[in-house]
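A lone chain, given as structure tokens: the form predicted alone.
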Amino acid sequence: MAAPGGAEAEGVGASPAAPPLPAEPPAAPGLTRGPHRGGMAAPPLGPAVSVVFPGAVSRESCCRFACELLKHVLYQRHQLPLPYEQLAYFCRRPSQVGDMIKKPPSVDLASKKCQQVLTDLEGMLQHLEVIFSLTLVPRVLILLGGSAVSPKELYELNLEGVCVGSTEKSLKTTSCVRKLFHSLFIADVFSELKALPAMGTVVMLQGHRDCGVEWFRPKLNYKVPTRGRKLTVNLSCDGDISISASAPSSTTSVWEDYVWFQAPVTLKGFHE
């Protein structure tokens, strides 16, 4: 991942100007597609899905990749009874006379749990947007069950190979998200897995230690778990990429400035 060459936007088209951000900390050399350094990244210990985008992407797109993957994993691994958008629609929309669509029983029977998980998840998504606006994020972990150090399942989004471009040089977010989920669908990584009971989900990610984020808690000595089922989603960019979106030269010392952060809220799954 390279330092952005200007303000990021969701796609190639113009977008409202974002508020000024703090000075960008030095980009970590480990955000390139080169060998892992400084113990920050470990070889994948399970199946992996690789997605190559034909150009640079915006930082906002990187955030969308993380948010959409989180929602997808929660539904596919039976921590939500419905996809996030449908769950939000049924839980937040009052019933009306003559409705053609009835609420699923799971939503009525567990309305309090539904409201709580939606509140927690929406808060998580909002705070992910904040941290992605403050720092480059080379890796995101979605940890299901157990604890952050010993989860039952681990899903990693690896953004080290992504080149972050300016607004004018970035691919459209919607097309990139579509390509990501097409690759997941083709890989068919969830179909043969056994259903999980309701459990907690922890989100962790890497960012610059001085990025100024307040909600996420730094975990300076965190080690990525080596046990449990793991799926790695590797994202990278290829094709016509401008100089402003190119990866910086590597210096091992810069790695030390990127640390793990943990979300202070555990997302609690629920069934019908």
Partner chain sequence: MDETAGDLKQELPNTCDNIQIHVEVHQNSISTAKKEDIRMSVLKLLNRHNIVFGDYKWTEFDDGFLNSNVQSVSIVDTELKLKERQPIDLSKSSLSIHIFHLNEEGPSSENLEEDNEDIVAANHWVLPAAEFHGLWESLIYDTEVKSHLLDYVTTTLLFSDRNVDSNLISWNRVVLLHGPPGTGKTSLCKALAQKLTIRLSYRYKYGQLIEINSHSLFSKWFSESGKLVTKMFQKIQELIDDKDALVFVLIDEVESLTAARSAFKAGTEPSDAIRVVNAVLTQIDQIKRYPNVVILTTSNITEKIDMAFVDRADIKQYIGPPSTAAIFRIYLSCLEELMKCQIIYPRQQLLTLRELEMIGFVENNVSRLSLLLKEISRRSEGLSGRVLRKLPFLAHALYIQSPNVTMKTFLQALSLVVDKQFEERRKLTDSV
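Residue numbers count along the first chain shown, from 1. What you see is a predicted model, and the numbers here were worked out from it, not measured in a lab.
Separately, the form predicted together with the partner chain exists; it is not shown, and the next lines address it.
The candidate spot formed by K112, L118 and E153 is out of contact with the partner chain in the model of the complex: none of the three has a heavy atom within 4.5 Å. In the model of the complex, at least one heavy atom of G146 sits within 4.5 Å of a heavy atom of the partner chain. In the model of the complex, the partner chain stays beyond 4.5 Å of every heavy atom belonging to D238. Within this chain, G55 is remote from the site of the partner chain in the model of the complex, having no heavy atom within 4.5 Å. Taking the partner from the other structure, the partner chain in the model of the complex has a heavy atom within 4.5 Å of a heavy atom of P218. Of the residues in 186 to 202, those that come within 4.5 Å of the partner chain in the model of the complex through at least one heavy atom are, in sequence order, K194, P197.
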